[in-house]
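Have a look below at one chain only, the form predicted alone, in structure tokens format.
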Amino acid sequence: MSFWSEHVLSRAIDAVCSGRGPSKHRSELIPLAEGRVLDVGVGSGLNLPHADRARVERWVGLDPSPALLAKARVRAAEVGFDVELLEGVAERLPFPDESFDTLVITYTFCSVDDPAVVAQELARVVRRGGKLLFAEHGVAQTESSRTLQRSLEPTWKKVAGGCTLQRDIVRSLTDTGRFVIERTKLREDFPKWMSTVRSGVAVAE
């Protein structure tokens, strides 16, 4: 792991993802998690404090960053339910089919290597009738903002740990043929090129 990733980027990600907007999205979505939960891209564990401990049987968090997982372990020690934290990538989820009742993916889809493969993996590990809770920034609504995203993305991706700007998680989920979007919300904060956020709930058929 490079000095940048371990000491700078991990702190920056934790700080940005702790902001007002992301925290609001978490407070709306994460209490809906129940049963066996998989948090894909758990990062520094920012979802954990928002969970309803009465509804969660077990929480598994997966992330490729050892530095962020170290922060997540601190938060995991403060919640009142079983938490297991694993190092790994979303393209290869190390779990059997239909292992989880709830999937959580927040501010992660932007930085995976292959969104189509990740979406298929999510569809594989959730049980029929299970939920996927998501909040992700992505493609902007206006052509001017999308043009800006395209121009900024090469540089942004290099300094932001592989984060891309124009992913569409709703399309990726529905393209699996298994997820049905139950509800979704779009928020556009400033600046729109990095703060167009789609959040919602998908159900696995």
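The shown structure was predicted, so the numbers you read here are calculated from the model rather than taken from an experiment. The first residue of the shown sequence is 1; numbering continues from there.
The discussion below concerns the form predicted in complex with a small molecule, not included here.
Screening 64 to 72, 49 to 57, 147 to 155, 175 to 183 for residues having heavy atoms within 4.5 Å of the small molecule in the predicted complex returns a single hit, 64 to 72. Looking at T106, you'd find a heavy atom of it within 4.5 angstroms of the small molecule in the predicted complex. For C17, a non-hydrogen atom is located within 4.5 Å of the small molecule in the predicted complex, even though that partner is not displayed.
When contacts are judged by a 4.5 Å heavy atom cut-off, A90 counts as touching the small molecule in the predicted complex. The small molecule is not shown here, and in the predicted complex it never comes within 4.5 Å of any heavy atom of D82.
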